[in-house]
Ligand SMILES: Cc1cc2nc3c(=O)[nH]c(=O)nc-3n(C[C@H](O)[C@H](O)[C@H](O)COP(=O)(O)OP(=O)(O)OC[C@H]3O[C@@H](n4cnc5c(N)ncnc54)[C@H](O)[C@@H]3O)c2cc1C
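Shown below, as structure tokens, is a lone chain in the form predicted on its own; questions about how it binds or moves come after it.
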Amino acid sequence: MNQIFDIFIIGGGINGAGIARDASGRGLKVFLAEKGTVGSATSSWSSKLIHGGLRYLENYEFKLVRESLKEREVITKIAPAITQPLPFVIPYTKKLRSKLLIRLGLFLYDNLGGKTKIPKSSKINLNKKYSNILKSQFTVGFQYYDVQVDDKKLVEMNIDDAKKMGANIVENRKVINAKRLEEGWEITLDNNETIKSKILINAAGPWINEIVNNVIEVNANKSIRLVRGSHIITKKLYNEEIAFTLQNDDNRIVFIIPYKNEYSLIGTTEVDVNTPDNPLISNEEKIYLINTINHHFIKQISKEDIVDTYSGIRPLIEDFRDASKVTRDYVFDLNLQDKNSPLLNIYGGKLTTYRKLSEKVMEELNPYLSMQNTKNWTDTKPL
């Protein structure tokens, strides 16, 4: 290809897809390369939720929760076909978080994001409502709402929009080299095709530092922590269209979510790993999730009830805390060794905030681009 692109994106997960859509809509020439198929790795291994992150409030991440709640509203509006509000029930356990703490958390959750069409939280009598599901010791509960989403479809819809607006998207193509030129970058794919671009964006998710060190060959400014989150899928554990947020003695939570009409999706775990490749659930993780269900539910399950599993790797910014306390926020590392050839590495992030992240990428790169359109637009245009 002889043309010079404005932006070359490595990685076709949700962040790469969102950036490709946003940039294409501003009249920029975009090339995205994904080593597998778009949305096939971390972005399709999530808990399938667009959520504010209720438990992030415990880590005082008010800014992230506020942004996430606002984005929950936006994504519900721009992708109505693949999103649906879902009630979540928290059974109260005396030994763990106090009623006051839960009420305070839910009050903030209801109000931090501003106006919303999503129903507010409430206290409920579990004996009256869910005595057929939960064991009798769980008498008091709290209900709040979040939004269920088809995560892989969300990536694909962003990619489809980007293509319609002129983006070049290639799948099953690895970037094997990226060379900094006086003005821009020369990127080599594994079919020996070379692409020239003014700016390089590394949105490789858990493979980010692998790309930084081995492909771009610059020093990584940030260290990441790879955390495996695993889910099990069973036949439907109950008929009601509700989800449960179960608290564990280790202060972690596990979701049980209705899945594809016939199943229950149960997750997630948090296990530190050394590689992002081929994540598989361990026997310990299966037992952990099963024990959580059996502690709360009348219906008991065993490993024989598992019909499927999946695991994903979250690339979290290392801050040497317990995995459940490490921030889910995103951080940009703008490498300006030469201001004529910027490199932007994107660390962290979550499904819910992908669209806002994409907007902020455009703001960050605005000084180095000639944009036809500097106005943000993705919050009103349906996918």
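What you see is a predicted model, and the numbers here were worked out from it, not measured in a lab. The numbering used is simple: start at 1 and walk along the sequence shown.
As for the form predicted together with the ligand, it is not shown, yet the points below apply to it.
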Task: 4.5 Å heavy atom contact, residue 87 to the ligand in the predicted complex - done: no
- [ ] Answer with yes or no whether residue 312 is in contact with the ligand in the predicted complex, where contact means some heavy atom within 4.5 Å.
- [x] yes
Open item on the list: Against the ligand in the predicted complex, would residue 332 count as a contact residue? Criterion: heavy atoms within 4.5 Å.
Closed with: no
Task: Contact of residue 236 with the ligand in the predicted complex (heavy atom, 4.5 Å) - done: no
Task: Partner-proximal stretch of 156-164, 133-141, 201-209, 94-102 relative to the ligand in the predicted complex, 4.5 angstroms, heavy atom - done: 201-209
Task: Residue (of 174, 77, 222, 120) lying close to the ligand in the predicted complex, criterion heavy atoms within 4.5 Å - done: 174
Open item on the list: At 4.5 Å, heavy atom to heavy atom, what parts of 15-51 sit next to the ligand in the predicted complex? List them in sequence order, or say none.
Closed with: 15, 16, 33, 34, 35, 36, 41, 42, 43, 45, 46, 47, 48, 49, 51
